[in-house]
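In structure tokens, one chain follows: the form predicted on its own.
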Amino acid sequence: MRDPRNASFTWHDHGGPFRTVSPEQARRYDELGYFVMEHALGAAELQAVREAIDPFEAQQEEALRAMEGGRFFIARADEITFTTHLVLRSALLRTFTGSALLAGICADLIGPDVRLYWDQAVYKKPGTDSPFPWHQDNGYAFVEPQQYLTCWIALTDATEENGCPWVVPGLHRLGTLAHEYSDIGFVCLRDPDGAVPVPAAAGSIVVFSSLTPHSTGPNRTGEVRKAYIVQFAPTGAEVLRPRSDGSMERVPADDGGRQYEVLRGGRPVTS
């Protein structure tokens, strides 16, 4: 079932020319909703990004432990943390999110005018038994245009054993599906047919649409599975938020501190 706000969605294929994404990757993105850019980050850059995030994640873990029940929204102490808006606290991560690599992916898959929409680290701790439920990123906050971009960056090896992403190919072309709230996150599908795992070696990027249904499995290993998720939307994107009277408020996704320009007229913007 589609989200009731998804009344007239049409998926737009990508015809190139491409400067960072290969034609085959673009084809997979259009047909399946995802692809993996293998070993996109070098060892030094990967280490720098991980070391920039780790102290902030540790603070987030401590804050969760101090909360009643050790949880806040969908984050749970000693299980899974969501450390958001890191670009407000780290100059290195601000620079990284506007790197030539990510700007090139944006140019190929979004367009010439792009802003950072969201960034967060997600660390899944050893022994986490609960999967993260099936959802679309646009199911958490309804954004128009619905078709924006998620780059799921593996900071450590992401495997079926420690909670790599799973996706349902093809459903992205329907637009945003209806989501229900559960105590571990919003849910749009339950036990879907055709789901496939998407393991990713450290330094690789799982590139998928905001409309691709995805989930991550339990972490049954003894190590933390670390990921940095960076999302980009076209300049002019708006978040639709319901008002108390049932109408919709349109909020521009242009917060100057954390939703800064990455591309303008196809050229990288230096922040």
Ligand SMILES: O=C(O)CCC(=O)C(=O)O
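One-based numbering along the sequence shown. Fair warning: this is a prediction, and the values are worked out from it, not measured in the lab.
The form predicted together with this ligand is left out here; the points below concern that form.
Considering non-hydrogen atoms and a 4.5 Å limit, does this ligand approach residue 235 in the model of the complex?
Residue 235 lies outside the contact set for this ligand.
Is the gap between residue 119 and this ligand in the model of the complex 4.5 Å or less for some heavy atom pair?
No.
Is residue 216 near this ligand? Define near as a heavy atom within 4.5 Å, in the model of the complex.
Looking in the model of the complex, residue contacts with this ligand include residue 216, since a heavy atom lies within 4.5 Å.
Hey, in the model of the complex, is residue 229 touching this ligand, heavy atoms inside 4.5 Å?
Flag for residue 229 set to yes.
Though this ligand is not shown, can you say which of 110, 143, 103, 80 has a heavy atom within 4.5 Å of it in the model of the complex?
Residue within 4.5 Å of the partner: 80.
125, 135, 76, 94: which sits within 4.5 Å of this ligand in the model of the complex by any heavy atom?
Selected residue: 135.
Using a 4.5 Å heavy atom cut-off, which of 208-216, 41-49, 23-31, 54-62 contacts this ligand in the model of the complex?
Of the options given, it is 208-216.
With the partner left out here, which residues of 140-158 have a non-hydrogen atom within 4.5 Å of this ligand in the model of the complex?
The stretch 140-158, when checked against this ligand in the model of the complex, contributes only 152 at the 4.5 Å heavy-atom cut-off.
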